[in-house]
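Have a look below at one chain only, the form predicted on its own, in structure tokens format.
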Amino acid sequence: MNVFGFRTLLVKEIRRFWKVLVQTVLSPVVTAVLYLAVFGHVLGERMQVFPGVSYTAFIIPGLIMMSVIQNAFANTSSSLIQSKMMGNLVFLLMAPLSAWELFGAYVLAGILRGVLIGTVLYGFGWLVVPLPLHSWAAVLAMTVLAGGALAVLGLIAGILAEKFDHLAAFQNFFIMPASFLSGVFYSIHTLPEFWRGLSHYNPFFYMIDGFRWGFFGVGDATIAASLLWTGGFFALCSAIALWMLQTGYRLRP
């Protein structure tokens, strides 16, 4: 393994988002806080999803995980498309780095950005409503698996996209709808039967629900199902991304 090359690429990817923290960290945090302020104020006293859990407390884990997965995706996808547009991707491909080393550096940087944003949001959420913590292990596992899955998906999107418009379409027509319709602001048990059944095929639902289970010990699905679905989605996306990197699909002429 080329440890030096892997570490160099990882540091480069971390520095890329670290130098613009206002854009990469503060902006999504402000967006999530605004969602919390609006929905928490409007519905906070009118709804209770789980027994003994206020609606404001209910949506905080959902907002944290939604921010984690969206920004893990954005980190890898934006890095690759920028390299393509600026013409410096060829230098990365010429470096003595294997597909696994490229994959690991990009995905780990995406996870770290997601974890950083999630940690900051957790601090803000604690100031509003102190959250219980049922299982640190579940919270950590769901954060890593979900952040990793979306970082890998961002890698795939960055490889497929030829310009920023393609990436924006992927975000607007897949990532955003799937994350908003995953139970961030509601329990799927409040949905009609058809939509409730359909939600069980949305991997983003299991990411949100499993993460929320880590705080409250209760959810719309079991923690085992959430871990299996999220882990399976991570494995499937990883297999596709590694195949793309190994074959040079859409990367080499």
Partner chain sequence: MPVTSDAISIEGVRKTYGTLKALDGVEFSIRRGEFFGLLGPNGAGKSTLIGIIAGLVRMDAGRVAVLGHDNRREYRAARRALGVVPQELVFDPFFSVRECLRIQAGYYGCGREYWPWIERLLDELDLASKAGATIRQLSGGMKRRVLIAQALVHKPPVVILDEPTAGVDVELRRTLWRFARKLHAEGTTVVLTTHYLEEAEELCQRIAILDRGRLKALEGTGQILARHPFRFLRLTLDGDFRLPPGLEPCVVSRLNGSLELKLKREEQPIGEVLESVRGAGFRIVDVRTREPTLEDVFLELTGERA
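Positions refer to the first chain, counted from 1. All values derive from a computational prediction rather than experimental measurement.
Same protein, other form: the form predicted together with its partner chain, not shown, and the subject of what follows.
With the partner omitted here, the stretch from 68 to 76, 174 to 182, 85 to 93, 156 to 164 that lies within 4.5 Å of its partner chain by heavy atoms in the model of the complex is 85 to 93. In the model of the complex, at least one heavy atom of Leu97 sits within 4.5 Å of a heavy atom of its partner chain. Looking at Leu9, you'd find a heavy atom of it within 4.5 angstroms of its partner chain in the model of the complex.
In the model of the complex, none of the heavy atoms of Leu236 sits within 4.5 Å of a heavy atom of its partner chain. Contact annotation for 1 to 38: residues with any non-hydrogen atom within 4.5 angstroms of its partner chain in the model of the complex are Met1, Asn2, Phe4, Gly5, Thr8, Leu9, Lys12, Arg15, Arg16, Lys19, Val20, listed in sequence order.
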